[in-house]
Every structure is written in C-alpha cells, then in structure tokens.
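Okay, here we've got a single chain as structure tokens, the form predicted alone, with questions on binding and movement later.
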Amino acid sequence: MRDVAIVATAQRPSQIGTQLTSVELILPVVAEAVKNAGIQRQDVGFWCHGSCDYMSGQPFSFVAAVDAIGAWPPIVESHVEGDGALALYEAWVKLQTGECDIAVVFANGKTTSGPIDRILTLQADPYFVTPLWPGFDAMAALQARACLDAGVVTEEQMAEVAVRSRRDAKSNAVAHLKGDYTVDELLSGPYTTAPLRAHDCSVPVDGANAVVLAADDVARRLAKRPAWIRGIDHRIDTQRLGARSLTTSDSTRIAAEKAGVGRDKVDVAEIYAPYTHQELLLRSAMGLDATTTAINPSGGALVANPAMAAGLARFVEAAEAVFAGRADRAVAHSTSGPCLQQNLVCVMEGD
C-alpha cells in the first residue's frame, strides 16, 4: 500500500440562500487548495467531485462543475453522486493504483436552494419509505425516540452536544451558528419534530470545500506535516429501517474497527452528526470516550451542514488539526442515508 496524505485544504464560509452557481461556489476553493499545496493544475493526475443532482433539480448537473477546474489541458476526472468524503475515498483508491501521485477532491452543496428535508428522503427505501415522504427530520426523530426509550441517550445529553458545538464554533470562521447557551435554555424550547428540538437538528447551509491528496515522497515534499491516512473504511447498513437497530450503528462500528480507530489514543475526532443524538451513537460505535481530547472542535455539522460537502468538511477540519500540530492522531467520519445508514471512517496521523 502507498502512503497517502492530505497535504492541503480549503473551504468557504457557510451561507444561506446564496445566488452563486455551483461553479462559482467551487472555483475559489479549488484554486485556494491548489495554491496552498504549491502545485500547478497540470500537476494534478486525478480530480474527483462529490455532489448531488437532486439538489439542483437537473440531471448530470455535475458536468457543469468541470468548468470550475477546466478541461484543458485534458484531465482525468470522476464524480460521486454523494458526499465529497466518498469522492475522497475514490481518490485514495486511485492513488493506490499508482496511476497518479496527486489528486484533488472537491464538493459542493446548495442546500438552501430547495426543500432539502424532502430531497434527502429520496435516499430512503424507494418502495416502502420514499412514497410516504416522511422527511429526514422525521426519520431522525423516530431514531431519537427509539434511543430515548431504550435509555441509550437522554434529552439532557443531546442538549449538551448542542451547547458544546455552538460554543466551539465561535473559533471557526466557516461555521454559521455559534454562541454561548445553557442546557436549560435549549431544553426550554419547543419540539420541532418530537422528540427533536431546533438545537437537535443541523443548520442547512450552502458551501463548498476541497482537499489535495498526494502519495509517498510527493506528499512529503508538498507539506511540512502531512495528514497521513493510516486507515479508511466504508460500511453500509440495510436501507430498510425496520430491519436494523436504530439505537446502534453497526456499519460505523465495523468501519472504525477496520480503519484502526481503537489502536491508539485519538486527539481529535471530527464526526458528521446531523443530529445531536447521532453524535452520541457515533461516539459509542467508534469507541470514543473521555480519552479523546476533542470531539468536533470545529462545531461539527450541527452548526453548518452543507449537504454533500459536510462529510468532506470533517476531513478538512481533522487534517488541519494535524497540520497545525493540534493532533498527532485524528479521526474523520462521514455519514449518508437515513438514520446513519452509510458510514465512512478515516484515521489520520502526523509525522
């Protein structure tokens, strides 16, 4: 296996109701990531994009995104109909083949341009669930109720997650929702989709981000302290909500084991948890406990959730913690599908 690392990153501040096109969202972050890596576009051997056509309401809309990276001189590119974290996984595999040494991964999501709660329902079982149009919040609420009834989480613990996330977001320039709150203050609010309150649900925003991956000595040349990918794994639970437990996440547990999360102490964990109770489930599934120095120090997806880019944002934040020396060992996680159906876990380390 080749040593592969994230060597540069870029992401744009979160917005709501942006009038920018997808190309206008992507172009600045791709240019910034390439600049931060100290490379030229001609040096990139593979480009991989993560996005969702359903969010733009146009088939093959991702083809237009090529305008943001340019197709001349000829390029090798690919697209994942999903979060940019899955595009990163594809780029990592591409680098393992030895066909290139440098790859750029980018993602974008105009989450607030349409009814995202309804749009994401299209990820659910197409025969028994999607025709009912329950909405992602409603399905998450069913999961939260199952967890509360089983004693896996409490509403106080869920509120504590929101309090910490908003507080930590104060130091994150790209976060949207930030500030100091108390648990009692949040619990005094009304339910939005019982048993979920507003603070239990992530804030949809428009955003984009990009990372540069490099292999072996190329990575060592491009970065003073590369974020080496030491383990990465993706697992999927059944799409049928009634055929799996909603109070655990087996796919996360298996992916974390395969990626090697538990082999050593974790300094920083960036978890893609769109709902407060899901962070608690994910922490348990990955074995993250009091020995983990910081969980979602960026504030996480609760304070800024650009659909299809929020998972890659966790990689950006984890890698930047390694770059800066705030973490010798970091975990990045991404999820997709209803109630934590799919989960990707990655372990990064600094030299």
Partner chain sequence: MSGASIGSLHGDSFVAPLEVAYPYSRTVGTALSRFFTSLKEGRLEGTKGSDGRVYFPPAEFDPQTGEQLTEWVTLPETGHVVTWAWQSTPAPDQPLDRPFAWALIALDGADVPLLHAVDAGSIDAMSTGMAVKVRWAAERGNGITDIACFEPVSDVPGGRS
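Numbering follows the first chain given and starts at 1. Nothing here was measured: the structure is a model prediction, and the numbers come from that model.
Beyond the structure shown, there is the form predicted in complex with the partner chain, which is absent from this document and is the topic of what follows.
- Residues within 4.5 angstroms of the partner chain in the predicted bound form, judged by any non-hydrogen atom, belong to 120 to 128 and to none of the other stretches in 258 to 266, 218 to 226, 80 to 88, 120 to 128.
- Residue contact check for T154: none of its heavy atoms lie within 4.5 Å of the partner chain in the predicted bound form.
- Put simply, H234 is far from the partner chain in the predicted bound form: not one heavy atom of it is within 4.5 Å.
- Contact annotation: T192 falls within 4.5 Å of the partner chain in the predicted bound form, judged by heavy atom distances.
- Contact annotation for I254: none of its heavy atoms lies within 4.5 Å of the partner chain in the predicted bound form.
- Highlighted residues A138, T238 and L246: every one comes within 4.5 Å of the partner chain in the predicted bound form, counting any heavy atom.
- Distance criterion of 4.5 Å from any heavy atom to the partner chain in the predicted bound form singles out L142 from the list L142, I75, L187, L177.
- With the partner omitted here, the residue from A71, V93, L132, A198 that has a non-hydrogen atom within 4.5 angstroms of the partner chain in the predicted bound form is L132.
- Heavy atoms closer than or equal to 4.5 Å to the partner chain in the predicted bound form belong, across 146 to 168, to the residues A146, D149, ordered by sequence position.
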